[in-house]
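Only one chain is given next, in structure tokens, and it is the form predicted alone.
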């Protein structure tokens, strides 16, 4: 009986401590709980790139960090059905831009990762080529021995993470193929598509496979293998892979236009700015977009520069370029350093230091966020976090997102909508309600929080988190904010 009383007493003390530790997040939840609802139309396949796989033109390259065109169509129909101007500040491979353009929208995107910008350009080129001419070029191309055209001038400048990624013979063929295309193909759009075809098969002909936030290496590569050797199903020869990819593209082009028969050539192609949204958004015209539809990088330690290392090297990025790119991107990895001084200089240069101070003040006022940061900082000091820089990453992420949300509010036309796809996350057993924190920032900037839609099935946390703190389902959803003035 005494043991039971002691256990009950300890449980009550523990529950009281948890309530105290979570009081600001609970208050945040109570403030927005009437906006939170489960949207049964949404599912994980739709709110990802999976639903695009069956569509020609979307499945040429495995770009996993995006959402489906079906989701874009649904959101625009439900939230803002009258076409106007649409912006995606984190455009990725252009899913939102192209899907909206097909619905009659004028679209504009910003993308810092060269991989995404390259895919967008290739998709536009695909609409401009003559299918019959492309097929003829492909037929001739596949009759060549690509090693005959090898030119050292086109050789890759590998970075540490990509050294030894290819069988030497495959890399030599790849370089010969690129050399031929760049020096012997006069048609600019066809050349671009041919080069894109090789870009699409880098993973298939390499020893690597994209796996979460890093490249996983096949045991045959000779690199460090870890505890359990990994073997890919197949490492394709360059000849096999390029033949299949070129045939796929040629077949798709001959069957139908990639973006549909109602695509108005030249009039609705997306405008794309290559660079950081933190730098570009403040330079765009105020109240110039009717809808901003986007999915920013999640606060999940995902390093795009490592996942797409093969593709970055293909595009000519060297080690120092990749390092600079990683630091320029929105902070979502433990390696990102803070950008506070950079942002201050930027806003000073634009004579907008008052906006800088307001944005910083809104960030500082996020009690739910700082509650989590304080708890995680205590864990960091006690060496309880698996990476001590997680706290810095989270702090930087929300600081930068405060700028993003503010600038989006400035760019939105009256009665316009911001639609954002994002996930909640968990570190050190502490859930970070990303949806509530960002919505609270939006409200501070004068936006009305209309919906915080949650998927019927949330997102699980990592096996490491579950092992230490138990399984918790995290909200994965879509936020809808409106500008009423």
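Please read these numbers as outputs of a predicted model, since none were measured by experiment. Positions refer to the first chain, counted from 1.
Keep in mind that the form predicted in complex with a small molecule is missing from the display, and what follows is about it.
Undergrad: Which of these residues, 291, 299, 330, 408, gets a heavy atom within 4.5 Å of the small molecule in the model of the complex?
TA: It is 330 that has a heavy atom within 4.5 Å of the partner.
Undergrad: Between the options 314, 304, 356, 180, which residue brings a heavy atom to within 4.5 Å of the small molecule in the model of the complex?
TA: Among 314, 304, 356, 180, a heavy atom within 4.5 Å of the small molecule in the model of the complex occurs only for 304.
Undergrad: I'd like to know whether residue 111 contacts the small molecule in the model of the complex, with contact meaning heavy atoms within 4.5 angstroms.
TA: Residue 111: contacts the small molecule in the model of the complex.
Undergrad: Could you confirm whether residue 276 comes within 4.5 Å of the small molecule in the model of the complex, counting heavy atoms only?
TA: Contact with the small molecule, yes.
Undergrad: Hey, in the model of the complex, does residue 95 get a heavy atom within 4.5 angstroms of the small molecule?
TA: Within the cut-off, so yes.
Undergrad: Taking heavy atoms only, is residue 66 within 4.5 angstroms of the small molecule in the model of the complex?
TA: Although the small molecule is absent here, residue 66 would touch it in the model of the complex, with heavy atoms inside 4.5 Å.
Undergrad: So which stretch, 442-450, 66-74, 24-32, 429-437, is the one near the small molecule in the model of the complex (non-hydrogen atoms, 4.5 Å)?
TA: Of the stretches listed, the one contacting the partner is 66-74.
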